[in-house]
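Quick heads-up: the structure tokens below are two forms of one chain, split into structure 1 and structure 2.
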Structure 1
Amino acid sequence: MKLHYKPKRNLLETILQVEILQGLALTLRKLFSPPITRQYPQEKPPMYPGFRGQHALVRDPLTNESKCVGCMRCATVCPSRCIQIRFHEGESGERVIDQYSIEALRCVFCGYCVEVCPVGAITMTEAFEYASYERETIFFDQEALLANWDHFCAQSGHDETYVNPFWRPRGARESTLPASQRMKVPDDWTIEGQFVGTRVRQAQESEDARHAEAVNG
């Protein structure tokens, strides 16, 4: 194969410097195209499902407390070890949380803690503007995490169903998911096989069957 780094020009093209004129035409065309700039502080970026923003503990509307059962899965799966949980045994053997804290400055925002949570207690909200001059305000204890949730709900209008649809391990069968993550998924979120709900699986299976039939027949 022969590479042409510099295509040949004829004399007229050399005199008129066509490449320069082409470049000038391109920039002139772009001068009148609409700019893609987003005027950030006034104009917020659009939020997509599954945005991994500020951490929050979902406030259970029944108990008005955190849903956390102290299973330690999030603390175990966390790759940056930024979740700390302390608990003691209650009267009937349940775990009572003494301390639940996330050091958000160490967090890598992988979202594993949300995926593994069996009760949908921890989530990542769509809030991302919480930069601060004090490190202490970015170290979230249990109260701060619950307050993050309240703040997010008040601002965005979401309720506790926000947690369920997206935050589930990808490709996992619905029957293997914990109960809290088996809630209904909106139809437009069943893309790329991320959510293997009953309906999607049935649709896929019937399509596979049709395909097999077409191949055999």
Structure 2
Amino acid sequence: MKLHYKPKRNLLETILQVEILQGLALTLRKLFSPPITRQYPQEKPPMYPGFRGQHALVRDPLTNESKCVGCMRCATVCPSRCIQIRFHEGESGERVIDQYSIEALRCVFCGYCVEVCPVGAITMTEAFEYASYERETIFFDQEALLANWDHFCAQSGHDETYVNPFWRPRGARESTLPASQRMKVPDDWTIEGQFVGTRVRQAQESEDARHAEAVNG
């Protein structure tokens, strides 16, 4: 996505209200165009990059449990407070997850939990057909979230290395991202590939310089 600033209107365009005429022309063209109807469920809609679907906990192939380390970042950043986590300390001082649940009916699908997870434990799959008449079936506990992951892998062919490269803020510096999200993305997903104006670009260059100076000592 590139940001383009609209050129300033001249006097003639202001008098004739060209923008209104352009809008009316677009409406007139669409009025006589044939309708587009997708024959669902026979025709499935395409999944676009960064689609936010059903929640799932990524299963660790070594332990056969979730990758979650109990850092609480996802629960802290969640604006709707739909994530509940309980844990206890193990013998070596590590956090052992006792409960990880998501109340999907409260979720606003912002994706913040996926962005902040340092180990890629929580993800939002491409599954969107999970409506139900019972609230309990959309309240995902840890076992249900792991089952969602198993179902997603079986349907899509992905494994525990799956990371959607678009689960990252557009224009974010790679060094600020969790290691699991440092993947190649299109140029227009980086700050350099966007036209954001002189002041923003200068501020970004200054910030990059300070960051490089801090890293190099």
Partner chain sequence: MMTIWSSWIWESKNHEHCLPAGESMHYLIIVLQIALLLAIVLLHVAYVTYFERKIIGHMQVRLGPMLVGWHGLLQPIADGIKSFFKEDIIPEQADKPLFLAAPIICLVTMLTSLAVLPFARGWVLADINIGLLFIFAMSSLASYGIILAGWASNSKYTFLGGMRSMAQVISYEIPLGLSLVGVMMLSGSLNLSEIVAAQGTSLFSTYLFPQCIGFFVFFIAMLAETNRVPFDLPEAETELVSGYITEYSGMRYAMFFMAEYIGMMVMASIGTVCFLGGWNGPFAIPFFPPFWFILKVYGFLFLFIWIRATLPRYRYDQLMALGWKVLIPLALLNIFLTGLFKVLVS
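For the two forms, the rigid core is made up of the largest set of C-alpha atoms that agree within 1.5 Å on superposition. Here the structure is a predicted model, which is why all the values come from computation and not from measurement. Every residue number counts along structure 1's sequence, beginning with 1.
Colleague: Decide which single structure shows the form predicted in complex with its partner chain, answering 1 or 2.
Modeller: Only structure 1 matches the form predicted in complex with its partner chain.
Colleague: Is residue 35 one of the residues whose Cα moves 2 Å or more between structures 1 and 2, with the core superposed?
Modeller: True for residue 35: a C-alpha shift of 2 Å or more.
Colleague: Once you line up the core, how about residue 26: does its CA shift reach 2 Å between structures 1 and 2?
Modeller: After core superposition, the C-alpha of residue 26 moves 2 Å or more between structures 1 and 2.
Colleague: Can you give the C-alpha shift of residue 14 between structures 1 and 2 in Å, rounded to one decimal, after superposing the rigid core?
Modeller: Rounded to one decimal, the shift is 29.3 Å.
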